[in-house]
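What follows is a single chain, given as structure tokens, in the form predicted alone.
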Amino acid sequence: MRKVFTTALIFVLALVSCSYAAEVKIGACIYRFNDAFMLRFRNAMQAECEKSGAVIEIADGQDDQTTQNEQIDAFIAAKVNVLIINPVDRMASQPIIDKAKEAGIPVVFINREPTPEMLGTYDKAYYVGAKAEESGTQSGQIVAEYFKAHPEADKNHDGKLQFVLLRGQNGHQDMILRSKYSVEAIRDAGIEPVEIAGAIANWDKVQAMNIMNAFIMSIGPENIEAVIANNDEMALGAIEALKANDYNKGNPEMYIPVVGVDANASALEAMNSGELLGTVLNDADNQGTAAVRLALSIASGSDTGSIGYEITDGKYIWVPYQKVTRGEKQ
């Protein structure tokens, strides 16, 4: 009964639509709705559908792959023309591709990238996203630039950067690449990076706040020279923990630079107030727009070269990241 119940409710409770007058129907699955970045992504997809007159229905996976699999089955049974999938678990992408291929439905993955081998098993499987290594590099550059411009940031005067690293979801390609390349960028700037603490916080503000509180208690804030977070929500959680310990509240002698990724509204507000050092724009607006345009193009059999986004290797649309610091583009 569970599957029948879930299927029946998908189109009543968990879905939103942007139009009902077009022939092309898009079934979209988001790993979970209560994610600030994916909210922007959803809004961009809906806006593009409103412009084109397409129908899009978006399901909340509730961070559960089984739930999302049932939603995908329901979309296939409803004979949507194309799927847009933000998988809960990127490594579960192959069964999704197999189902789409069997049904003859094109599938566009977003935000969580299947492996090239997976995408290669179906000529109508695509990916729209951003190269996570770029965001990692830019995060590290923001920290390195601050460290060089502010000698007082080297609290123990050893020429090294002692930092805390807050990582996203375990196994997520963005977590792996953002972590790796942020550290490499600091090293490439001529500064020796030293990770004195780090943990998985699952992209979540509350988890990051609790973890950062524990680090502050065990390490001491006076020994932390920077916080690098794989996304803005975790960066904001770290800032809440720092503020609870009287750091990052306006006193320049009690400031620890924190950097995130996404450039969401809360992060930009924290940056402008001086609590957050900087962030990296993960362009949800362009990614959402590109995903819908690509989906509509392949579903209708029209020329993908006219959608306004370059497709590389016949499979990928890459939207570039952009550094955002106080006074720059917001």
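Worth saying up front: this structure is predicted, and the values here are computed from it rather than measured. For every residue, the number given is its place in the sequence shown, counted from 1.
Beyond what is shown, the protein has a form predicted in complex with a small molecule; the following relates to that form.
**Student:** Pick from 168-176, 207-215, 94-102, 148-156: which stretch has a heavy atom within 4.5 Å of the small molecule in the model of the complex?
**Tutor:** Looking at the partner contacts, the answer comes out as 168-176.
**Student:** Would residue 298 sit within 4.5 Å of the small molecule in the model of the complex, counting heavy atoms only?
**Tutor:** Although the small molecule is absent here, residue 298 would stay clear of it in the model of the complex, with no heavy atoms inside 4.5 Å.
**Student:** Do residue 35 and the small molecule come within 4.5 Å of each other in the model of the complex, heavy atoms counted?
**Tutor:** Answer yes; at least one heavy atom of residue 35 falls within 4.5 Å of the small molecule in the model of the complex.
**Student:** Residue 231 near the small molecule in the model of the complex, any heavy atom under 4.5 Å?
**Tutor:** Flag for residue 231 set to yes.
**Student:** My question is simply whether residue 109 lines the interface with the small molecule in the model of the complex - judged by any non-hydrogen atom within 4.5 Å.
**Tutor:** The answer is no: residue 109 has no heavy atom within 4.5 Å of the small molecule.
**Student:** Let me know the one among 75, 203, 126, 163 whose heavy atoms come within 4.5 Å of the small molecule in the model of the complex, would you?
**Tutor:** Only one listed residue qualifies here, and that residue is 203.
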